[in-house]
Structures are given as C-alpha cells and as structure tokens.
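As structure tokens, one chain now follows by itself in the form predicted on its own.
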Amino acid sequence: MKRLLLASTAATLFATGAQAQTTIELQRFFGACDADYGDVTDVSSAVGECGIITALINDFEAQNEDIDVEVTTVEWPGYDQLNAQLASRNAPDVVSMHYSVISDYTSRNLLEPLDDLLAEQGIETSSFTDAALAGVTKDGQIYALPFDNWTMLWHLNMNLMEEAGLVDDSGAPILPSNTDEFFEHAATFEEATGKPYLVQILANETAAYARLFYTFMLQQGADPFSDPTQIDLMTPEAKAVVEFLKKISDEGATTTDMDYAAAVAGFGSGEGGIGVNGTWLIGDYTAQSEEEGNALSDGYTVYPIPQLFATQDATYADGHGWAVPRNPGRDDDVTAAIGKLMAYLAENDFQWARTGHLPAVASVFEMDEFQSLPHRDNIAEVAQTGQSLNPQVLRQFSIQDIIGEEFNSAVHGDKTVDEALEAAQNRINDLLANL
C-alpha cells in the first residue's frame, strides 16, 4: 500500500507539472511591507526600499518557479542576529550586508568568496563601478554582490527655502559654501519661516553622527584611521567638526530630540528646511512631492552635503551588498539557485536605484531611464567624490556607535568637546586592541 501511495503521488506531481523546489533562505533589513507589496511582481510599480526589494524577490520567484525564497526581515542592521545564527551554525544562505562590515566576517572566514559563482552566471567584475567593487573586495576576492552605494544627503523643502529667500533666479537652492555661511543661512531661514534650518536624527541614534563626522573629516583631507588598527581623534580637524556639530545645536539651527522615524516624518511634514538623511529616501520624498496638499508638494529636491570644510570635494559613502555565509554542507542546488538570484539582482540594479541609491552596475548610469529619474543629476557626483573608510578597519559599526554616543554627549553639553573626543578615542582603541 505504501509503495502504491508513493507511486500515485509521483504520478500526480508529474501529471500536474509540479516542480521540485529549491529553497534559499534570505535574510535582509530594509523594513517590512508585505501588506502593501506581499503579492506585487510588477517591480516598476513599487516605491521605496522595502517595496522595491519585496517586489524584486516576488518577481524572481515568479520567473523561477522551482526556487522558493524564504525571506526573514530583521530590524536594521541585523548583525547581532546574524552573529547568533553563525555561532549556532544556522545562518541564512544570503544576507544583506553593508560594505563597511564585510571585513569583520571575512577576517573570521565566515563568508563565501563569490568570484567563481558570479563568473558562472556571466557577471563580470568590470560591470561594477569602482566604488561598489572596492566595497565588496577584500584581500583580492569578492565577498558580496554589490547592490548600490549610498551616502547622507541634504533633502530640501524648496517651498520653505523659497519663503526664506534662499533660492536663486533659476529656482535652484542657495547652499552655504563654508561653516560661516551655514549659520548665516540658518539665521535667515529661521527668521523668515520660524522653523529650524535642519531636520536631524539626534535621539536614539549613533550612525548619523559618525557619517557626518567622516564626511567633514574627508573634506579636510584628514584620515582618522591612517593606521587602521587605531583611531586618532586628538587633531584640530576632528575638534573643528565636533565644535561645528555642537554649535548647530547651541544656536537652534536644528530640530532636537527626533529619532530616525520622527526625523523622516518631520521633514516630510515641513518641520524644517533641510532633512539630513540618506539616499534611500529620495524615492519616497519624490513621490510625496508629486502629490497635492502636503509640505513637499511641488517643492522637493536633494543635493550632496555641501563642502563646508572645503579642502577637498569629498563625502563619506558606504553601500549594500548580498553576502553568502559560509556553509560547507550547502547543497549544490541551493548554491546554483543563489547564483541565479545574484544574476537577477544585478540585472535589475536600475530598479533598486529608483530608491535613490547610486547604482552598483556602471551601465545603469548610462540608461535613459536612470538619467530621467528626478534629481539624479544633482547627486551623480557622489559616484566620484564618495569615499569609505580603509577596508582594513574592523568593527566599523561598533566604532560608529562609540562616536555617536560620545559626540552626542558633547553636542548636548554633558561633556566638553575635548573630553568627548578623548573618550571616543580611548574606547575605540580599546576595542580594536582586544579583537
């Protein structure tokens, strides 16, 4: 009877054309939005990071009926959960990863090199931008499929900028070119609108402080990690940056006590003139500006953070990639399915670039569809001016937490600038000395 049942089941599967499923376990951040996009396969109709990545995975499954992608969404950035999974030998097959943390995992042999897998799919390394390829290459090998480059930007409410008279005859915003002009513009803006110049993430946040610090250090031609095994913060350049960040708060040129969600919503509702936030919000804010009856209606644009410390034109940039945790027991069919997914994501890099992130695939920059996206001309320079930390610097996410905590204490007056810099330096160097 058992044999008859098995034979009957096999015959039924054959008759209905059902295919054996290969399952990929994919873990990602970028938020959860299944209620809106759980069944969407038309990627062009999706908006925002979560919507687009959800639609991309749905479309991949629709095109590859023999592959099931089981998605786990983690709270950003998700590395604590990944570390626990790696320790228990229960890691996903594919995981979203910032370029800045890849070295933490490769230094412990926890990621698969992908050179052969990408080559088997016809993905040539020359197809990627220099910035993207550099972000995923460690010790001469590729450890993630590069997906984008991102940076912090100035998102501008042009309705309020016009009200403040900070718009030129062509309708473009007038932006400061140094720190003195910054405070002049901030005072002009507040006097005209009654609102702060900047909308910033200053509560329950560390990454924003670190990203701004790196940008303003790069603008001064200063590398706090000239030795990747330790940080040097006892410099005039570092002190100048923290004093500038503190003065912004002291003079009321920014919103206060906003966490990430509040800052995103606050800029969108017109609580200030310039939202200091990332490339990933361009798509959402553009969509809002195309609707009627809100603070950004017909009044949104975006630019790189101005060169306020103008020794050189530079901005700190990172990126997102797709890494494959090492698993010696992974089935060949799963590995092949991962390769197909990588090829699909590379082929659809334009769709991901609609979020506002800069493409990882160089040819996307030349596409008419990309060039016609709103505001891309304004930020295209980041592909050349964007710089990351030395890839030999380990624990970059832990370091940004320390920088954020200590600089926050200086900005709010709990420590002097010198005390905060010294504390951050000591804590970071203790961390790096005990890896």
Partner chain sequence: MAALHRQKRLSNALFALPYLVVFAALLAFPLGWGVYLSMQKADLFGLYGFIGTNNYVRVLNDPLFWQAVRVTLLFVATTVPVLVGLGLFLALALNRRTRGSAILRGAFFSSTVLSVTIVTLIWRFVFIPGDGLLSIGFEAMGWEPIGFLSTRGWSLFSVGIATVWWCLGLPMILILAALQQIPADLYEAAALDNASRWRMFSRITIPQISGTLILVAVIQIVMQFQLFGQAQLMTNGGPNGSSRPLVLYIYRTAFENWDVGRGAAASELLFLIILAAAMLQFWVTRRANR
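Numbering follows the first chain given and starts at 1. As the structure is a prediction and not an experimental result, all values here were calculated from the model.
Keep in mind that the form predicted together with its partner chain is not shown, yet the notes after this line are about it.
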### Contact of residue 87 with its partner chain in the model of the complex (heavy atom, 4.5 Å)
yes
### Query
According to a 4.5 angstroms non-hydrogen atom cut-off, is residue 68 in contact with its partner chain in the model of the complex?
no
### Task
Decide whether residue 36 counts as a contact residue for its partner chain in the model of the complex under a heavy atom distance cut-off of 4.5 Å.
no
### Query
residue 406 near its partner chain in the model of the complex, any heavy atom under 4.5 Å?
yes
### Query
Pick from 381-389, 38-46, 394-402, 54-62: which stretch has a heavy atom within 4.5 Å of its partner chain in the model of the complex?
394-402
### Summary
Among 230, 204, 348, 178, just one has a heavy atom within 4.5 Å of its partner chain in the model of the complex, namely 204
### Task
Could you work out which of 318, 112, 104, 93 is the residue within 4.5 angstroms of its partner chain in the model of the complex, going by heavy atoms?
104
### Message
Residues 139, 239 and 313 are flagged as a possible site; in the model of the complex, is every one of them within 4.5 Å of its partner chain by some non-hydrogen atom?
### Response
no
### Task
Determine the residues of 402-435 with a heavy atom within 4.5 Å of its partner chain in the model of the complex and present them in sequence order; the list may be empty.
405, 406, 408, 409, 414, 415, 427, 430, 431, 434, 435
